[in-house]
Ligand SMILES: Cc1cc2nc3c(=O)[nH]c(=O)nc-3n(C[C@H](O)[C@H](O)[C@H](O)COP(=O)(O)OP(=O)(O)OC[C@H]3O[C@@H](n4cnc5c(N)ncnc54)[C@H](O)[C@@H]3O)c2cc1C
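Single chain ahead, by itself, as structure tokens, in the form predicted on its own.
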Amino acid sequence: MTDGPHRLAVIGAGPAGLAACLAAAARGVQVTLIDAAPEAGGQFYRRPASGLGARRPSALHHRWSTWSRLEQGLAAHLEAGTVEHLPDHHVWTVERTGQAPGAGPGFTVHALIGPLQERSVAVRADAVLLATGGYEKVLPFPGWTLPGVVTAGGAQAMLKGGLVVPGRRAVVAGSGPLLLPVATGLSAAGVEVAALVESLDPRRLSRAAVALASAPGKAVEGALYAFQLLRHRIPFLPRHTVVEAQGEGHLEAVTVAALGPDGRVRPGTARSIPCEAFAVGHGMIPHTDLAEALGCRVDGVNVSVDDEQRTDVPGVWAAGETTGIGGAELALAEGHIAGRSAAARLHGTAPDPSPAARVRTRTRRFAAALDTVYRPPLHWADQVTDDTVVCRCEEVTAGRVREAVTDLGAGDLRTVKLLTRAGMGWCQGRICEPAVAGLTGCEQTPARRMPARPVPLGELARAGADDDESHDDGNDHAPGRDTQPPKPTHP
């Protein structure tokens, strides 16, 4: 490895990234914690800005004591100089830069800085730990682009981070455990939640009873949410799905309907629920862009790791939702294991067994059981009319997507993209790709996106410039971080 303290770049400051950062720093590794948010915590530990004067931010969270321990640990390492935290740094690629023979792989993390994301900085490290989390799966339906329709996670972020709600009367719908804290959180904030619409048939929970019973804490948590639903008098509609959102210029009502045993909408069961906000979600998808760009193996939609959370690329670890959606408890366990492993391997030793391994095994089993239970309705695409916009970036409708298959012979998502431009916009298909796959019946395979986020052309143009040409962002730079232009990276 390099002379001096070994350097680990941790990308992502959510539960997994924070746990990894603290574990590695405690074992003598210099850690650079890089995150796009202005404060550490991720989506799970998102907190109101200090200027809002929230008196009890803990009321928006459960397991606040865990966050307090993480926050105190991070503060101690920041003061000691063993961790450098780089907030508002939006990573757009990671490259293997190489070092002297036998000195280890070496990496450079390139990140756009600040809210405008106009300038790029480079962070040098001996190893990289990816804790990039996940993002929501969005399935379109007629009217989903109306103002007032938000994702379930978006509604939660508005409440946690801004102390605002999407409307005074809301409907929460979709599938997955995230709907419970969203519905109860909005209700506790004074929103009239007209209905919690869940496509799951509760009887399916019995099929995963053994795995679910292995996590009694989760059962207690579920019971508490059920109590809150009763306390706030939130109507619960299981085996129902959203059919359409209606309104002239803004959301005015949503239509929901019951699902039959075959997963199709039962005729004659549609009902309209007046509301001015609609929070909808169908689960999460791991963020794998940086891992794919580095050449890490991806199994299905999850980054593949071994028992130490190592990817198949030497010097690269991954933890949290990027290796599979499983919640904060699993992310904390994986992050701790990954941080211990990275520190040991950088020092040239093998890590000691971690007690977090037992937690990881249990919570992975629980997450896998939930994954078999919570699924979007099998025939959700039947409700998507041809004039429904599927790709919002490029304004591609469902009709055009279907025509690419039926009339033009497209047999895979890439061909559909080339024929329709669906997935060529700002999000590069992250939002619309699951919908396009569902509408066409094409297999959704990992897409290697390079760079991982939009980058100003000026930054790309500077790639390969002379090393003496500086590139200052106005901040002092700690060792391991510089402002030299990034080296050329080729998709």
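Just count from 1 along the sequence shown to find any residue number. Please read all numbers here as calculations on a predicted model, not as lab measurements.
Keep in mind the form predicted together with the named molecule is missing from the figure; the text below concerns it.
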Original post:
Is the named molecule in the predicted bound form near all of Gly106, Arg310 and Ala343, within 4.5 Å of a heavy atom of each?
Top reply: no
**OP:** Go through Gly161, Pro142, Pro377, Gly327 and name the one with a heavy atom inside 4.5 Å of the named molecule in the predicted bound form.
**Re:** Gly327
Original post:
Of the residues Gln30, Thr66, Gln43, Thr440, which one places a heavy atom within 4.5 Å of the named molecule in the predicted bound form?
Top reply: Gln43
Subject >> the named molecule contact at Ala24 in the predicted bound form, heavy atom, 4.5 Å >> reply: no
Subject >> Distance check, Thr132 to the named molecule in the predicted bound form, heavy atom within 4.5 Å >> reply: yes
Original post:
With the cut-off set at 4.5 Å between non-hydrogen atoms, does His90 touch the named molecule in the predicted bound form?
Top reply: yes
Original post:
Going by a heavy atom distance of 4.5 Å, is Ser175 a contact of the named molecule in the predicted bound form?
Top reply: no
Original post:
the named molecule isn't shown here, but in the predicted bound form, which of 147 to 155, 70 to 78, 245 to 253, 388 to 396 has heavy atoms within 4.5 Å of it?
Top reply: 147 to 155
**OP:** Sequence order please: the residues of 6 to 26 with a heavy atom within 4.5 Å of the named molecule in the predicted bound form.
**Re:** Ile11, Gly12, Ala13, Gly14, Pro15, Ala16, Gly17
